[in-house]
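Shown below, as structure tokens, is a lone chain in the form predicted on its own; questions about how it binds or moves come after it.
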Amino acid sequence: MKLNRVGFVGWRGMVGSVLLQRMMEENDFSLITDPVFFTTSQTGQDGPDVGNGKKALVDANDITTLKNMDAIVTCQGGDYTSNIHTELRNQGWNGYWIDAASTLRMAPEATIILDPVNQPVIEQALADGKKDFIGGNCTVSLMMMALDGLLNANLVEWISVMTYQAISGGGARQMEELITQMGQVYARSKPLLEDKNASILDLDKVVIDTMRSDQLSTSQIGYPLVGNLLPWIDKDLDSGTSREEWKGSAETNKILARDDRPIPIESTCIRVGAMRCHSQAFTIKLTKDVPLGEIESILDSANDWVSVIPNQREASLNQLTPAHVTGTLDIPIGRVRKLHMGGEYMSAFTVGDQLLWGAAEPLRRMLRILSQH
């Protein structure tokens, strides 16, 4: 069936832009009778043309108009969700709220959406009359897509994960600043790069001095990232754990509806100078000793997007990198091997586009699911 009135908020940002791009590619707007585009700053101006001409943008804080939507899809951020969602529900709005922000993820009435992994959980939520469907944390969603087979076969006893997260997780301005930092370091280094007699130690000193100077742009990221990494992401929970690291266990178990029998998941989350792809290295304790070939088969056949990359040097370097995966829905997982600690222990490495499966794609697919109900 067609969805009637669907409102879109935050469609100009990184996640929202990718969402609209994917919806256009998949002809999703053909399922919507009346898409309505909202704005927080450009009310009355032309909205995007998604196949039925341009229409004027509507004020994103206009509760009366928002209440007329059958569903609202928002990529506007947590502050918007906190302000508007509560007001809409208090005024009796009973539409579907589909959100990329983290604000509602752990709320009892909310369902975290990642349908290739938890379609039965989503279907049960719809049958139960739930109306809040929230995209998961980017690293969590990408991890679960990669490990889908093992998780759904109940083969995972615990996971220790090291994440190497792209700057896109910080938004468009941080992406721009990383490129600016690259240019600033190159500009300072260029004379020595062009001097055949220059010492590599002199070049190294110029790079380090630039990274440590007040001449390097850090207003958005807060710290140098070019040639560097940042071993902390998100808020400090005052326990030696960041909020980003806490999400690994909390959200994974909610997505799988395992709150009563949670899988222990410990994370160390690191920001690196990649643009869009998050990478993750896993150490996994299995519930039993499973042959390596069987593990690879379980991983490879779990969903349409995951694929096992042979644990070989050239295959890993060619196919298991952000440069190769960016802009695709592919979820390669490789470096799969047993560890010397015992037959129940394995490691693996995966890469995925943070803006696709990590953000926009689950929202787009949730609209598809609603159109089938």
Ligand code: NAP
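Residue indices: 1-based, along the sequence shown. Treat the numbers as computed from the prediction; the structure is a model and nothing was measured.
Form predicted together with the named molecule: not shown, discussed below.
Visitor: Open or blocked: after superimposing the binding-site C-alphas and transferring the named molecule from its position in the model of the complex, do three or more ligand atoms sit within 2.4 angstroms of any backbone or C-beta atom?
Guide: Output flag = open.
Visitor: For the chain shown here without its partner, which stretch in 111-119, 279-287, 299-307, 71-79 has non-hydrogen atoms within 4.5 angstroms of the named molecule in the model of the complex?
Guide: Only one stretch passes the 4.5 Å heavy-atom test: 71-79.
Visitor: Can you check whether R173 is within 4.5 Å of the named molecule in the model of the complex, heavy atom basis?
Guide: Yes.
Visitor: Report whether the minimum heavy atom distance between R22 and the named molecule in the model of the complex is within 4.5 Å.
Guide: Judged by the heavy-atom cut-off of 4.5 Å, R22 is well away from the named molecule in the model of the complex.
Visitor: My question is simply whether T321 lines the interface with the named molecule in the model of the complex - judged by any non-hydrogen atom within 4.5 Å.
Guide: No, no contact at 4.5 Å.
Visitor: Are any of the heavy atoms in S41 no more than 4.5 Å from a heavy atom of the named molecule in the model of the complex?
Guide: Yes, S41 sits close enough to the named molecule in the model of the complex that at least one of its heavy atoms falls within 4.5 Å.
Visitor: Can you pick the one in A100, L155, M144, A125 that has a heavy atom within 4.5 Å of the named molecule in the model of the complex?
Guide: Checking each option against the named molecule in the model of the complex, the one that comes within 4.5 Å is A100.
Visitor: Using a 4.5 Å cut-off on heavy atoms, what residues in 343-362 are near the named molecule in the model of the complex?
Guide: Residues within 4.5 Å: Q354, L355, G358, A359.
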